[in-house]
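A lone chain, given as structure tokens: the form predicted on its own.
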């Protein structure tokens, strides 16, 4: 089964490896060791590679470089294992850059899963890690199941249903599984209708947002994305309003808070007095099916499972049945072939970053078309 991905002809397109290399150089200039900078760069560029641009390079100047400037992320920090129980570990990240530490935690979980069948890392003092699906897909690519959840530290931007005060963050989580010859199944979601990055991306682009993303204090729909950062609008939980299932999104957010923050002792939104995303907690889980049953049989059945979905009859032949992870994989394939598409204003931001760090931004592939 083949799918032709659409190529954006209006964006500035950059070679993926060159773009990741440039981003790694920026992180190196900020104090990361070269090997860690490479891991962090590919985690960040993953957003643009797969089309999840709200979590891509748009956050380099908005989020990650300010973490270094404000000394809220330590580029030289190492993970410290505080408690080791074989299959389960408690880890202090010491404010290491989350784009690196999430991968290190997943690798540690995979290592323990190889011995015990399951590996769990409960981490505190973490920082923002970008696309959770990048790290769970890493597990799936090795034939394992991966799970990653992160609370938002002390950040309080979402109100529990019926509450007048925001107490929680978007609390994302991801799960991934192998799919045989097909792209891995990768669910990567916030527990709100959309993450804050998509609202801010719309604000930067001067676009309105659909009704259902934001509401005001009285619960009326808001379509102006700039109202969010002015404190005049609030994100809605996954499910929308109480009558359409918002309690499910709220409950999932509390699941993440319990697993990722309560378990390791990270900052918890409802009890925080800081109000920002420091001391984020991670819950990282890797499961090695081959330690429980025959790995070959597991992989065969995973191919059958996801193949059956892809072969399901579609109501509209132009909109075939897919699963989470498939569209992102197709976008990544096209981006590797034709270049990673970046909006012109974002490319201009990278040029400014390059000048600041005495670097050269990659040359566009054919420029803007």
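Numbering follows the first chain given and starts at 1. Since the structure is predicted, the reported quantities are computational estimates derived from the model, not experimental observations.
Keep in mind the form predicted in complex with a further copy of the same chain is missing from the figure; the text below concerns it.
Heavy atoms within 4.5 Å of a further copy of the same chain in the predicted bound form are found in one stretch of 97 to 105, 129 to 137, 236 to 244, 223 to 231, which is 236 to 244. Taking 181, 212, 296, 275 one by one, only a single residue has any non-hydrogen atom within 4.5 Å of a further copy of the same chain in the predicted bound form, and it is 212.
a further copy of the same chain is not drawn, but in the predicted bound form it has a heavy atom within 4.5 Å of residue 312. Put simply, residue 308 is close to a further copy of the same chain in the predicted bound form: some heavy atom of it is within 4.5 Å.
When contacts are judged by a 4.5 Å heavy atom cut-off, residue 324 counts as touching a further copy of the same chain in the predicted bound form.
Under a 4.5 angstroms non-hydrogen atom cutoff, a further copy of the same chain in the predicted bound form lacks residue 155 among its neighbouring residues. In the predicted bound form, a further copy of the same chain lies within 4.5 angstroms of at least one heavy atom of each of the following residues of 268 to 287: 268, 270, 271, 283, 285, 287, in sequence order.
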